[in-house]
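Okay, here we've got a single chain as structure tokens, the form predicted alone, with questions on binding and movement later.
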Amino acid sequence: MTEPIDTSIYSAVTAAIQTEAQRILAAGLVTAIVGYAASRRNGSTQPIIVTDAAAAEKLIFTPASVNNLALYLTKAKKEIPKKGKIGIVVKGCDLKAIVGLMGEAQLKRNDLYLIGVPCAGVLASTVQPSTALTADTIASKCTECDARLPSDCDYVPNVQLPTQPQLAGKYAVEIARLEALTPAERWAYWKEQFAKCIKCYACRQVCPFCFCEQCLCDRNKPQMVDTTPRPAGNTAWHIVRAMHLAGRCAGCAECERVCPMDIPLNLLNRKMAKELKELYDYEAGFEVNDKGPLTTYTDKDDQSFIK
């Protein structure tokens, strides 16, 4: 049996979140806090919006706290109060999304109170939420995490992250396998994956960067992407979306987690991130940038692709 990953800090993190949330709500420093609360399913959590200091005790943090709460700060969501500073509990990957949204003028730092949480990892979507966290049950994104301790937050619990076992990067391994294939073999792989798509758009709805109140792909005059679940339209949708997220994606893997057809969507996003790192030495989510490498042009750009 795989040795469990040490999650003993999570109870201390939970207590610290509750104490800080109660303090800032009672003092009127924030009007609401977006965090995690226990759900009906044993061991599971769900997003919660707390507006009363007395309800701060509902806030928790566990390996089942998988949601990227940055989604609830975008204008596509209506539950958040429109006035006052908003507190939010953020893991490192969530914080990357917030940084990206600030760079795109969707959020203002002064409007937020960031409660950063040291994170040893969260559970994969394929296991029960009450399962112990191990190298086999941890979410694939966590095997390559470079932001376990969020920085530049207003509050971070004073707990020490335990030393964790070295984990093999699951996306890196799969990307290397695909890169070793011929172009025809890679195309066949992705055609097979995209053919499973039922156009439910769960990937879009859960992505913090799909913040448009009406998606261009929903329009039919003109119709940009076929809305029916057919192979050509599916492929167009996923390639357009991958390019739309290139240089923006925080790697939270929410799209992959919610996909009912188990399409490895974050694998495609991680491949795009790898290309941007190699070509432009650029990684999303570490600095507030108003322009990424694919939306920045200079007369020194490589033009060898123009024939």
Partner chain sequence: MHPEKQTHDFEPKIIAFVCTWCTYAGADLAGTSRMQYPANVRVLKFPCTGRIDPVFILKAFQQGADGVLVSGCHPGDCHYIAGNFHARRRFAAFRKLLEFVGVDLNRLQFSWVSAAEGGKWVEVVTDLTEKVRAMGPMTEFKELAMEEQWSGAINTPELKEAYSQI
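Small disclaimer: the values here were computed from a predicted structure and weren't measured. Residue numbers count along the first chain shown, from 1.
Keep in mind that the form predicted together with the partner chain is missing from the display, and what follows is about it.
With the partner chain omitted here, the record of contacts in the predicted bound form names 187-195 of 145-153, 84-92, 187-195, 109-117, defined by a heavy atom within 4.5 Å. Judged against the partner chain in the predicted bound form with a 4.5 angstroms heavy atom cut-off, the residues 234, 293 and 300 are in contact without exception.
Residue 229 is the only one of 229, 169, 162, 165 with a heavy atom lying within 4.5 Å of the partner chain in the predicted bound form.
For the residues 268, 59, 250, 70, the 4.5 Å heavy atom test against the partner chain in the predicted bound form is passed only by 268. Mapping the unseen interface onto this chain, residue 32 falls outside it, with no heavy atom inside 4.5 Å of the partner chain in the predicted bound form.
Under a 4.5 angstroms non-hydrogen atom cutoff, the partner chain in the predicted bound form has residue 272 among its neighbouring residues. Contact check for residue 50: no non-hydrogen atom falls within 4.5 Å of the partner chain in the predicted bound form.
Shown alone here, residue 26 lies farther than 4.5 Å from the partner chain in the predicted bound form, counting heavy atoms only. Contacts of stretch 239-269 with the partner chain in the predicted bound form, defined by any heavy atom lying within 4.5 Å, are made by 239, 240, 242, 243, 267, 268, listed in sequence order.
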